[in-house]
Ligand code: HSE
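Just the one chain here, the form predicted on its own, laid out as structure tokens.
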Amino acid sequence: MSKINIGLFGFGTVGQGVYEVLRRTKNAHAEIRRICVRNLAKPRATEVPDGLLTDRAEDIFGDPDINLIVELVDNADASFSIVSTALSRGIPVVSGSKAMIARHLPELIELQHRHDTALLYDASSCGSIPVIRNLEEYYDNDLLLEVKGILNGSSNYILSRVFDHGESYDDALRRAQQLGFAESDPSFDIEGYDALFKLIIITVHALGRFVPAEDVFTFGISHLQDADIRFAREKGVKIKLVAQVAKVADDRFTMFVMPELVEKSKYIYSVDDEYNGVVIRGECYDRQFMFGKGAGGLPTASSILSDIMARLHGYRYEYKKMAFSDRPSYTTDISLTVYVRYASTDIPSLLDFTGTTVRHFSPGANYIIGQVKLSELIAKRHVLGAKDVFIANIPTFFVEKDN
């Protein structure tokens, strides 16, 4: 492919970022031929030449000169329709739609094989950090033990304002919304779903297994209270929203998204503001750390550009690990050590701890530190969803390797 002619779907923050990045890049050998949007009359910060915008998808799909679709819409159903249509017509796609990819990845892989085309989506996970391609190419063996990190820049910005600047949770959330790091409805980020979808995609490329979202325990930071912040400060730790996939045996792995009490000695302790940080652990190379901006139009656009350039040279994911005969299987039959704060919800009676280390009772803010099965947390999601309950992981995986 000597030149890439792009049909762009979506012209929001990231779409406009891609447009600007391509204008700045001298040797891109790529240009945007048409941009499909829902509303042609909507005011936009970025001006484009007359005739570039359209509200008809077929103006892109029907253009024989367009040889790459870049899909950046904010609706998962519309995203899947665009991507599946393009792949079915043999047109390669670059996408940043993490929710859609995490929900439909097996179907999308099958479409790529059937129509001999490619879908690239490094921008869907960790913004500017090239984690997917590294897992696909560099870590393409069975030595990988764990991928863990901060995958959501919005929640990390909020927690940074709380722990590094002494702001209240509510004030930090408002600041994140004012700066555009969090939406007016921030639930996708602060409830952990954004990190969950990224983790599902990462797991496919890390271990060759697809795990549906409903099978993964996910708990966000929306229930964080002053009592939890005081507890963390007293212990000399920070609370971070952490996503993790880890082998617990040669033939088994587990995964979850939840707040974690992070010690100063850990790499992700110093990952602040809207940045993401990913730790990749292996049998022979111990830990490797990747760090970069996880939110914002231009950082994500730079990852989109990287995928565009990869397609210029014919790159595609091979999904090699999915063909391994000895892939580990997903399990929730593992024990975690957790901090659980509660008030009126009777956590000691409703949650089946296999052992407890600390029980603390005080007016309005009791907490337990103890061991509980991951399967029990999944089964008791309705209990943990109470507004007066907050849970955080106290990490135990690979602790002996860090001493």
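Basically, rigid core = biggest C-alpha set you can superpose within 1.5 Å across the two forms. One-based numbering along the sequence shown. Treat the numbers as computed from the prediction; the structure is a model and nothing was measured.
The protein also exists as the form predicted together with the named molecule; that form is not presented, and the subsequent description refers to it.
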Just to confirm, with a 4.5 Å cut-off on non-hydrogen atoms, which of 182, 83, 135, 207 contacts the named molecule in the predicted bound form? 182
If the cut-off is 4.5 angstroms on heavy atoms, which of these, 228, 122, 189, 260, is the one near the named molecule in the predicted bound form? 189
Residue 152: touches the named molecule in the predicted bound form, heavy atom cutoff 4.5 angstroms: yes
Is residue 194 part of the interface with the named molecule in the predicted bound form - any heavy atom within 4.5 Å? yes
The named molecule contact in the predicted bound form: residue 148, any heavy atom under 4.5 Å: no
Applying a 4.5 Å heavy atom distance criterion, does residue 238 contact the named molecule in the predicted bound form? no
Pick the stretch from 280 to 288, 320 to 328, 152 to 160, 113 to 121 whose residues have a heavy atom within 4.5 Å of the named molecule in the predicted bound form. 152 to 160
On a core-based superposition, does residue 241 travel 2 Å or more at its Cα between the shown form and the other one? no
On a rigid core superposition, would residue 100 pass a 2 Å threshold for CA movement between the shown form and the other one? no
With both forms fit on the core, has residue 173 moved 2 Å or more by CA between the shown form and the other one? yes
